[in-house]
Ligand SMILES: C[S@@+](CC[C@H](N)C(=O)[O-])C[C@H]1O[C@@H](n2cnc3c(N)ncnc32)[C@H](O)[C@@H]1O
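Here we start with a single chain on its own, the form predicted on its own, put down as structure tokens.
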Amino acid sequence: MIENFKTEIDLGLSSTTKKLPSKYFYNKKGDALFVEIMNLPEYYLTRSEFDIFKNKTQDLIQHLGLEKNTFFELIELGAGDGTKTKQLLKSLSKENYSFNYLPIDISHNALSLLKKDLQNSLPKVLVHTQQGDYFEVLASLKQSNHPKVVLFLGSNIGNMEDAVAAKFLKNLAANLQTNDTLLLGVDLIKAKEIILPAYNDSKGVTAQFNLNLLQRINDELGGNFNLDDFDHAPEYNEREGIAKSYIVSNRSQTVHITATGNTYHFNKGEKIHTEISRKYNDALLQEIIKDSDLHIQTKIVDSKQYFADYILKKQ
């Protein structure tokens, strides 16, 4: 893991247009900051999808095609703290559905906290945590002949460029059997006045979350970033439906990273691209899945129509 981290950081900071992979936001501090972000008034995404999982649980169960007398595997990619999923798990457990819950996450810390929480709150649910790369874990589960329902929530697919998202969903479908189901949560295209504050909250928690990536480089790779010399700077293009996060150097400076053995120069105002957050509509999603074996069955939206959970079937 540390070798991949070192290699990707060196590659990203050596590029003409500097970038850092958003997956490295998530260490113990990053996990805690993101939980805080999800509870901010500006960050509507989690509340919107939670609205679906809490108030339209039976719609989800019905459209997922779950049957009480058929054992299935409920697999969640990037499970995090499981806030939304627990609403579904609660109903499935209460109604005596037969299933295993398999949360997959890159963060061992997040998985440990989730498993402990579920053991206390929903002791009847069988939880088998899986740490690692999504596709490696899915490939290992592919041999099972049990029906699978894969959850990919929180508009995490929106953190990928469209071509990458298309390839991701094609690969995901390849690791599923015919008639397996994907529940895909996506943020819908909306006005700038709604979206931009979600990535630039008034308390500055999102700024801390982004800048923590530089602190992680300092702690784990021997970097000497001074976080006061960088600012968080999000942007949103309403026409494209894409939000982008940047870390911007507020002065001309150089930074050395011991693990890579390299020094990196930053001009004043130079941006480091850390994340995109693509927003969707039906046409965009259809375009992205066109080369996969996935087909949209239905779409369930929250009460404000900010967010959608699409149910797709492998054919």
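Note that residue numbering begins at 1 and tracks the sequence as displayed. Bear in mind that the values here come from a model prediction, so they are computed numbers and not experimental data.
This next part talks about the form predicted together with the named molecule, which is not shown.
- The chain is drawn here without the named molecule; in the predicted bound form, the stretch among 131-139, 118-126, 171-179, 238-246 whose residues come within 4.5 Å of it by any heavy atom is 131-139.
- Residue contact check for Gly78: one or more of its heavy atoms lie within 4.5 Å of the named molecule in the predicted bound form.
- Looking at Lys23, you'd find a heavy atom of it within 4.5 angstroms of the named molecule in the predicted bound form.
- The closest heavy atom approach of Met38 to the named molecule in the predicted bound form falls within 4.5 Å.
- Contact between Ser107 and the named molecule in the predicted bound form is found at the 4.5 Å heavy atom cutoff.
- Checking Asn100, Gln208, Asn218, Asn156 for any heavy atom within 4.5 Å of the named molecule in the predicted bound form turns up a single hit: Asn156.
- Every member of the trio Phe34, Glu49 and Lys84 reaches the named molecule in the predicted bound form with some non-hydrogen atom inside 4.5 Å.
- A shift of at least 3 angstroms brings the Cα atoms of Glu161 and Leu138 nearer to each other in the predicted bound form than in the displayed structure.
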